[in-house]
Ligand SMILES: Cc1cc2nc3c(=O)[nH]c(=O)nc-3n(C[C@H](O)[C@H](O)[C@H](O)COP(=O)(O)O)c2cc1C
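What follows is a single chain, given as structure tokens, in the form predicted on its own.
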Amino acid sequence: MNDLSTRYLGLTLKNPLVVSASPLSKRLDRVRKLEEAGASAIVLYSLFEEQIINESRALDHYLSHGTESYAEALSYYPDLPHYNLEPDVYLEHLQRVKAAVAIPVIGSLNGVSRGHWTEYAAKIAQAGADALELNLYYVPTDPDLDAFEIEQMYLDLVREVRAHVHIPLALKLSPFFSALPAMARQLVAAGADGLVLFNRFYQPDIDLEQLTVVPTAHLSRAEDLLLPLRWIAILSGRVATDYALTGGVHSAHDVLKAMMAGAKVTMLASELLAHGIGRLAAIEHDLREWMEQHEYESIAQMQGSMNQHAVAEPAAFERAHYLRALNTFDNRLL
């Protein structure tokens, strides 16, 4: 039988199908179904910096509000044994998930600023997480903040989180860097054990009738695969670390392309949200079938076989083929 196993963040996984951070991991019954369907690891839904900071301030307010007034102010205090902050609920859920499944469970923190919230990285590790994924989601809007400052902020944050945890650390990045290869190398030097390419930014819309800004959340599409596929193919031969491809993974062919580009795992959620958890088993079946037909014995055999250093035309991943791609449309015109 084909060997689908792979190594990611020092973890041996039975296949490259990892469930990315999403609402799928918020219920234990769904988590068990994910494992049964073939998931090799699960990234827990994200705990946000804002949740930690805001709820910490709320608790501080309850504990201090009105205490100078009169003794009855003690009745303002919340019942602390039953006052569960969202971060504490997250840690408890992580422990329950770890007890419920045998596959690795990866915690997820979403934030960008330095501060006491990063201490939760250590708490996530203490709760039993096998690794931690740090989602660096930041939209710079200040024109006085230049690229160097932003990149330094990222590096300082990674060093701070690394100082709090000894479990493997992966960084989920956006593609919006002036020099992604250089930034990737610096992030690895700062303590990252792996890079997850790419996170997808929230894109608000405008309601023309109500004249309001409308939050939107779209599932990934098949064409979203191309951007992370290209960059993993470029980076995997240049910056030594573990790569995870996320965004646009909907089929076994997507997984195969990611492996050949140099990824260790693929992360998927949109396909499962749209078509059900059972898609994991179908994708694994299709993986095995393709490998048998093309005489691949293992996933490791194909990993990196089509990255920029391995292909006959390395320029295909760069600007050189841009004109050729555009010219394909000329041939379709009447």
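Everything numeric in this text was worked out from a predicted model, so none of it was measured. Don't overthink the numbering: it's just position in the shown sequence, from 1.
Form predicted together with this ligand: not shown, discussed below.
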property: This ligand in the predicted bound form: contacted by all of Y202, L219 and A269, heavy atom 4.5 Å; result: yes
property: Contact label in the predicted bound form: A282 to this ligand, heavy atom within 4.5 Å; result: no
property: Contact flag, N15 vs this ligand in the predicted bound form, heavy atom cut 4.5 Å; result: no
property: G111: touches this ligand in the predicted bound form, heavy atom cutoff 4.5 angstroms; result: no
property: Exercise: K264 in contact with this ligand in the predicted bound form, heavy atom 4.5 Å; result: no
property: One stretch from 43-51, 301-309, 285-293, 30-38 that, in the predicted bound form, holds residues within 4.5 Å of this ligand by heavy atom; result: 43-51
property: Stretch 12-26 - residues with a heavy atom within 4.5 Å of this ligand in the predicted bound form; result: S20, A21, S22, P23
